[in-house]
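In the form predicted alone, a lone chain appears below as structure tokens.
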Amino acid sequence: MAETTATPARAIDLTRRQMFGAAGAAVALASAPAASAGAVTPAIPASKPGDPRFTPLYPRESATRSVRDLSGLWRFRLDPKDIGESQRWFDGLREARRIPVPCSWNDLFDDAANYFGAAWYETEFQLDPAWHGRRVHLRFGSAVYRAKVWLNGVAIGEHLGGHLPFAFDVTGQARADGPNRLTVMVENKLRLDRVPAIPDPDTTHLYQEDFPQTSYDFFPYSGLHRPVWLHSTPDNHIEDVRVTTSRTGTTGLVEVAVRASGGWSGPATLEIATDGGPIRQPLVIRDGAGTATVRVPAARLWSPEHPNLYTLTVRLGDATPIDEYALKIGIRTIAVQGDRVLLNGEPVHLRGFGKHEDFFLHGRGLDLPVIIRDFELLKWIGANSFRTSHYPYSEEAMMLADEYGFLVIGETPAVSLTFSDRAEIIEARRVQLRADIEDLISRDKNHPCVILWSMANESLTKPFHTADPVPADSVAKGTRFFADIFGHARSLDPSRPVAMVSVQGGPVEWVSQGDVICANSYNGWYAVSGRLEDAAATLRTEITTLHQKCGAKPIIVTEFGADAMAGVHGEPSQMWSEDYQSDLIAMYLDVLGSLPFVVGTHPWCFADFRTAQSIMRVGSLNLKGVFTRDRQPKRAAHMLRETWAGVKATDWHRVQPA
């Protein structure tokens, strides 16, 4: 959603292939009205039947659509010998126990605590008789990492890659005359060629005894982590909607691209509900695609202070809609100008955190109460933003972020990619990451909260903590890799800036390809340990030098902090105490606040989270949270509340939402 005056030239020069995808390259552009200046909306690529990468819109009820949540207690069985498919477990799962969906399996069963192999899920459902003659879709919010799906014993498809949705059209395969058996095999094997990955033992000495061994510092939870939906649509229906907003004066411009199924052609209507009544805009769908712009006078812009949302309804057909779909949108612009980030034309400074989807028992499974509590605590502490480190978060979290007014850095699952690895491994990761970027942007493109795409976190020339020298070609390999990745993301969404998060001291050739420079820094902890005055001087030099090398771009310091064990104190403050963590974060805020090109500060991290077992991780936890894992504040949380929200702490042991 770009500023009218700052639209990148690449946004205007989209080729037909970029606009419609390879499958739809022949679609005539004359069917769409001319785009408004600064609000170029790429039309949506045509879907391919049976393609599990195609993700329909989030399932919503409407006058033409019905939705059923298949979440609940499913049957479950581990398959450590990978015999389930050869023994046809999809014909009926025997010797099974119960598991909740959504949930991770690792914290539920003792024999699955550190299990990442294949596991099988099974449930049954009946089709609603009212769905007769309608299309039926089966949608998974997330399966980590690979899933294969059977319906009534017939394989309907596979999907590779966690944290993002996939769907199948099961019309005709789901029986209307009896129960339907749904079987899913999920496996999360820690493999070199996946995103994220593990260290390659063929190219580097294994450097740690962490268990399970990964290249990243969080636990690789496994399973069906988000809801499983069954929903119906008319035969001719809305497949996808893409919204791009801009403004001219006080008028909001909402450009909407619509894709209809099966190349349907006909009249359609866009409607935006406003306080002054509905604003309607006709559009014509030709060969499954159409674009139109709705003008909203005296538009109420979306921002953290005023997260104004409008309801956009898309209807196919004339007086009696063939299909309709409604979603919440926000009218706002985001642009990078020099070393500033502009929201609605005004400089914005990001205050917030990196965080994790992580909680007791359910692991990474969707937990709506935890999301609400986290967002309430973010408001309590005075934050206005967060990063979805280090993978896409749930759709429900994104919808709530729109409502709460949080600015979100949407990140891919590419954490700790290593460029000392073999060429074929790097190439496999590139292919997977491109697919993840397509799915992420397809899913979250309409959320006003998402202001920046992060392509990766802490990519490495070689694995951490090895004595091996940096391979001579690793920087060049990473530079080529990220040039392709950045180009791909920009072609999919020219309306938002893109970045990658650099490890402290990482190659400038990589991070400087972003529109914004995002960097992690751990002076006072991993570097210059325990010496805050020396750490402050080192930090100032480090960030100033990075700004000079990257060419006057805005910088967000996306990670800094220290582990702190709740209840441990010291005077003077010492490492691992709440006092030292608070003092270190305060030092960072002081130094970075004096640098005008720093436009965001995100302490690492919001709350303690589970990791692999390690001599560095007490209780298998990363303790850098300013809240404990059960969301109780450490001293740093009160310090940040006083700094960000202007509320002085009177009692270190109480949290009262503002």
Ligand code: BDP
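Each residue number is its position in the shown sequence, starting from 1. A quick note: this is a predicted structure, and the numbers were derived from the prediction, not measured.
Only in words, not in the display: the form predicted in complex with the ligand, which the text now covers.
query = Any chance 464, 604 and 624 all have a heavy atom within 4.5 Å of the ligand in the predicted complex?
reply = All three within 4.5 Å in the predicted complex.
Sort through 251-259, 428-436, 520-528, 148-156 and report the only stretch with a non-hydrogen atom within 4.5 Å of the ligand in the predicted complex.
Looking at the partner contacts, the answer comes out as 520-528.
Whether residue 458 contacts the ligand in the predicted complex should be assessed with a 4.5 Å heavy atom distance threshold; does it? Output for residue 458 is yes: heavy atoms within 4.5 Å of the ligand.
- Task: Look up in the predicted complex whether residue 68 has a non-hydrogen atom within 4.5 angstroms of the ligand, and give yes or no.
- Result: Heavy-atom contact with the ligand at 4.5 Å: absent for residue 68.
* Asked: Can any non-hydrogen atom of residue 609 be found within 4.5 angstroms of the ligand in the predicted complex?
  -> Yes, residue 609 lies within 4.5 Å of the ligand in the predicted complex.
- Message: Is residue 210 part of the interface with the ligand in the predicted complex - any heavy atom within 4.5 Å?
- Response: Residue 210: no contact with the ligand in the predicted complex.
State the residue from 75, 390, 351, 237 whose non-hydrogen atoms include one within 4.5 Å of the ligand in the predicted complex.
The residue in contact is 390.
Considering the ligand in the predicted complex, which of 169, 122, 542, 559 comes within 4.5 Å of it through any heavy atom?
Looking at 169, 122, 542, 559 one by one, just 559 meets the 4.5 Å heavy-atom criterion.
Quiz item: Along 321-355, which positions have a non-hydrogen atom within 4.5 Å of the ligand in the predicted complex?
Solution: Nothing in this stretch is in contact.
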